[in-house]
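Here we start with a single chain on its own, the form predicted alone, put down as structure tokens.
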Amino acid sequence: MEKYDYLIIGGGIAGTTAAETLKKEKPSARVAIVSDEPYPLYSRILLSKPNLFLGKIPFETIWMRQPEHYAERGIDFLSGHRAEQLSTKDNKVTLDDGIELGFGQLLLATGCPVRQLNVPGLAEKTGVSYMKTVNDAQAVMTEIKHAKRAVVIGAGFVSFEMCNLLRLAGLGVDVVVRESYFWEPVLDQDAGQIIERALIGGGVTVRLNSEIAEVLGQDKVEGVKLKDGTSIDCDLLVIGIGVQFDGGWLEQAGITVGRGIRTNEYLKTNLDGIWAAGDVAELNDPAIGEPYICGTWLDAQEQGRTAALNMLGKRLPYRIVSSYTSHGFGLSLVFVGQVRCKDSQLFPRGRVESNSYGCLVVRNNQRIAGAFLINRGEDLAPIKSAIESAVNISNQLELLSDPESDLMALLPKD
């Protein structure tokens, strides 16, 4: 059995950053990455960006590491393998082919698999994509060369960005949304209506309060039937209904799990020597007051670095305030900090009719926890600074909803 000082499960940005940090800080360490994909690190962000999707830049741009990169840095890269069992008694992980790997310390950076749509007629059809992997992206890029109509399922980042890309590619698009407005319940209804209006203006048919009952066609998608009996013709089906943590094998090993792998603010699990990073990590930071998951690329990268340093004996809490921006249909959407948390109130800001709108998420009427912004990029920097500095805004709440106010006034004076 191979034994590593540091074993990393997951070859994405969190796992790769952790491995590189460990080798940089401790060159003599034996480090290995186990990845369930057969590829080196690539940019998942680029998968849904127009320049790559529409062939305006070479597809090779997606690769962030080359296969030889790992060996050159003394990292064993075991691609195309899935971890299936963990023994904390023997400090070993068993892979899907029966190979056993021992470890001194273990980092779990597997990411979360996509939530699968389970309806009649879906299984084994071509023309279906979840847009999670490089294979998904390549398949859709091939399909759009001859497809005429697409149906997109879901009301989040994947569905919004795919609606935009598919319209740019010239396809007719229907988006099927289970909720009563787009991005419910993350956004408020006014924000959802702005996005719906932009989608409709961009030629997308928005079907709210709707669910897929059946996927039509033989070997290839030919359409979908909704639960209300409506049939929609399509030759491409894109599914974006979120992710679903699958941690049964870890729970069996004694690791505490919830919506993800539970960690403290140092990214350590309840078991000594076992850590987690990326969107599989559910942090429970006393400074925040409730468990939360950071799902952005930047979070995954920085958590990988922080976890690696803590594995080496440092004690660094992860408290970076990250943001994610998405563009489409004339809208710039920004999510910063935590947009869903307990004991919080929403403070709307801006004007719906002008498509310049947002909401600040304030915890206990005292501190800004996060915000979502539509075409209000100027508010991002002061909001981020207010979250980072944990400034008490209880005496300045009236500023939040005034679209003309300068949010820099929330920050402490030097």
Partner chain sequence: MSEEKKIASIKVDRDSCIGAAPCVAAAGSVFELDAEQKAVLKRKSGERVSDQTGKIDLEDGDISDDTLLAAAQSCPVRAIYLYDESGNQIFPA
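Since we're looking at a predicted model, the values are computed, not measured. Positions refer to the first chain, counted from 1.
One more form of this protein exists, namely the form predicted in complex with the partner chain; it is left out here, but the text below deals with it.
The partner is absent here, but in the predicted complex a heavy atom of Thr61, alone among Ser354, Thr61, Ser389, Asn364, sits within 4.5 Å of the partner chain. Among Ser344, Asn284, Gln193, Ser323, the residue placing a heavy atom within 4.5 Å of the partner chain in the predicted complex is Ser323. Using a 4.5 angstroms threshold between heavy atoms, Ile200 stays clear of the partner chain in the predicted complex.
Although the partner is absent here, Asn264 sits far enough away that none of its heavy atoms falls within 4.5 Å of the partner chain in the predicted complex. Although the partner is absent here, Trp249 is not a contact residue: none of its heavy atoms lies within 4.5 angstroms of the partner chain in the predicted complex. Proximity of Phe245 to the partner chain in the predicted complex falls outside the 4.5 Å heavy atom cutoff. Checking 364-372, 344-352, 24-32, 381-389 against the partner chain in the predicted complex, the stretch whose residues place heavy atoms within 4.5 Å of it is 381-389. Within 4.5 angstroms of the partner chain in the predicted complex, the stretch 29-53 places a non-hydrogen atom from each of Ser43, Ile45, Leu46, Lys49, Asn51, taken in sequence order.
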